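Only one chain is included here, represented as structure tokens and corresponding to the form predicted alone.
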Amino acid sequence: MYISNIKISNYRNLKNINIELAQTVTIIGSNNSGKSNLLKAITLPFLADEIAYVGKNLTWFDINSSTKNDYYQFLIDNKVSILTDKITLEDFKKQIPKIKIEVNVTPKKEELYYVKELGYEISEGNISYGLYYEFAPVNDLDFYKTIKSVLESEDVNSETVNDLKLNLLPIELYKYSIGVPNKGPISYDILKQFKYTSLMAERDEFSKSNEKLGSKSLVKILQAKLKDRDKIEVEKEYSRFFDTLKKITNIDTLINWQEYSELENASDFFQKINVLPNMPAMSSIFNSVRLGYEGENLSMQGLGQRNLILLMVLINSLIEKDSDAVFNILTVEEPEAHLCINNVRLVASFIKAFTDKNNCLQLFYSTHDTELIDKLKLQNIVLMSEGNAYSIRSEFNDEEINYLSKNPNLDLFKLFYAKKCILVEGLTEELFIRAYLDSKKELNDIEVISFHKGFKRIIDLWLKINIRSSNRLGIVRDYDDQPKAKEEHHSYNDNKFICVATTEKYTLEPEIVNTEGNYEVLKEKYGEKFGWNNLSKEQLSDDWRKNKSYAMLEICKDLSSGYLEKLKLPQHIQKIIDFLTTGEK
């Protein structure tokens, strides 16, 4: 079972999201793009579980800012119509900011019994299963009347609205609800079968206090694992511990004072006094438990070690087969936090092993580390930008995803989030352009990625992600005697943030050789070494192509070291670099 789709409306900076999801979801994006908000939104429909300590009711600040501004502008523009009842309650309800998160759950055949109450729609013989979380006014009419009273008593306009925002959107009239789409609220007994655990980024101090997330999570895990029979065994062990303690301390003799008493029959009284075990509540026993490492309290370990151990313990606890939950969700912010490269790789291998064998838990994690992106499972990735989310599972078909997975140099962070990035078709172009950039310190902020063929689908996704950014993308292509492909790619030049340039010749080598005085520079520098002394431009280009790897490697070494200052860039590459540095085409 897993959440196969999520829709989010008006939650923080996530105004309108509808994406498909995989069994494991890797969320990437730049800072402040909405990754943490997405992780939190995923858990809201499952609030019967309390291990993550997320408030069930949201606040005024959790409602999307753009939606709130549209609502306030509606009140300003329609104040008179509202006061004169020209706007109906139904029309007004459409303008009220509401938060809604809806998840679709895809069960396996053997899990259908557990989700039978979550079914809400039948289409083409298939049943849809899901849950929703909604944060909205309890009573729309009461809300409407409250707003009318504020508009009657206050002069609400573009200048005064900032001082009345909380009164014009009275959050105390809101309440959360959880239910099944098209059906309504769901019972706690059903919802409690679906549990979640959240590890937010603010987890560094978890092992120092039992008030911190790590210790509380550990206690709840122990409580969840303890069956009635186990509690009996704990009490027996406690009694044995107490008997041993009494024997060692000989404590009974300290309170049997009859031998010092002058009263007759004193022993009848004193002998009835004894020390009894004071069995504490199970929660008290568990609260004394701490995670350790190599025999030391975990608080003695570094931040990275504590984060690593917490992550491993929680995941292992959630994948055990005897768990009471039908379905578990684990959300983790930046599992790489404070980890050295070896431990990041350990986490990456652990996550991969976990996803390969586990079916009862769905893992969502955000990351900035390429080690934690499984390139063989790119369908797991969700890319975030400016509060928007794009699932590779939704954006590309299986054939396109397989193509991306085969690309050894794919770096999604650089590709989609670098300020300046150049896509090239092969290793030769990548080596040559990198070498030139290395020779110019002022160009060290330009990334180069070898992407072979098939730029167009990636360009379309890049545009979606960067539509409101100032990032720039340059694309260097070989002509390859394909005028139609050239025309299709050059159509992207209509966008001011993309520049596409193609060789005039068939490939890169003849383009370099035929640029200004490069032919003479290459013969002078490499004539003896490569046997180019008596070759024409065409012959030199052909020989270079045939010995591509060796010749290009040597030329690039010299270029990056500054030994080929007279060598000029081909016009199409110079055009891309000029665009990335100045924004001009």
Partner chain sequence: MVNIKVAGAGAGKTTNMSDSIIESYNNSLPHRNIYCIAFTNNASDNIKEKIKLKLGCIPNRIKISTIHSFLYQEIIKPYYFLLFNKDYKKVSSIELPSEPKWSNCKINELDKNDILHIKVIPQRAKWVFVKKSSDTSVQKEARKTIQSAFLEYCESIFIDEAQDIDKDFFEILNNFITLGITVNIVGDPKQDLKGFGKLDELISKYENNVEYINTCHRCPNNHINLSNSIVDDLQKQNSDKPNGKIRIVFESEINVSSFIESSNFDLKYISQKNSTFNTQNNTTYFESETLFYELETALKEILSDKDMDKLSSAAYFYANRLSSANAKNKNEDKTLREVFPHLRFSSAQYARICNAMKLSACADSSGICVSSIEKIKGQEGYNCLFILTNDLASYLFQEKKENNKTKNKLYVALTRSLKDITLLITKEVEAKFEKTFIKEYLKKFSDIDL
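Numbering follows the first chain given and starts at 1. Nothing here was measured: the structure is a model prediction, and the numbers come from that model.
Here the subject shifts to the form predicted together with its partner chain, a form of this protein not shown in this document.
Q: For the chain seen here without its partner, which of 178 to 186, 346 to 354, 511 to 519, 417 to 425 has a heavy atom within 4.5 Å of its partner chain in the model of the complex?
A: In the other structure, the partner sits against 178 to 186.
Q: Name the single residue among 120, 451, 174, 92 that comes within 4.5 Å of its partner chain in the model of the complex, judging by heavy atoms.
A: That would be 120.
Q: Counting non-hydrogen atoms within 4.5 angstroms of its partner chain in the model of the complex, say which of 200, 127, 463, 234 makes the cut.
A: Result of the distance check: 127.
Q: Is there a heavy atom of residue 159 lying 4.5 Å or less from a heavy atom of its partner chain in the model of the complex?
A: No, residue 159 stays farther than 4.5 Å from its partner chain in the model of the complex.
Q: With a cut-off of 4.5 Å between heavy atoms, is residue 110 one of the residues that contacts its partner chain in the model of the complex?
A: Looking in the model of the complex, residue contacts with its partner chain include residue 110, since a heavy atom lies within 4.5 Å.
Q: Any of the heavy atoms of residue 116 lying within 4.5 Å of its partner chain in the model of the complex?
A: The answer is yes: residue 116 has a heavy atom within 4.5 Å of its partner chain.
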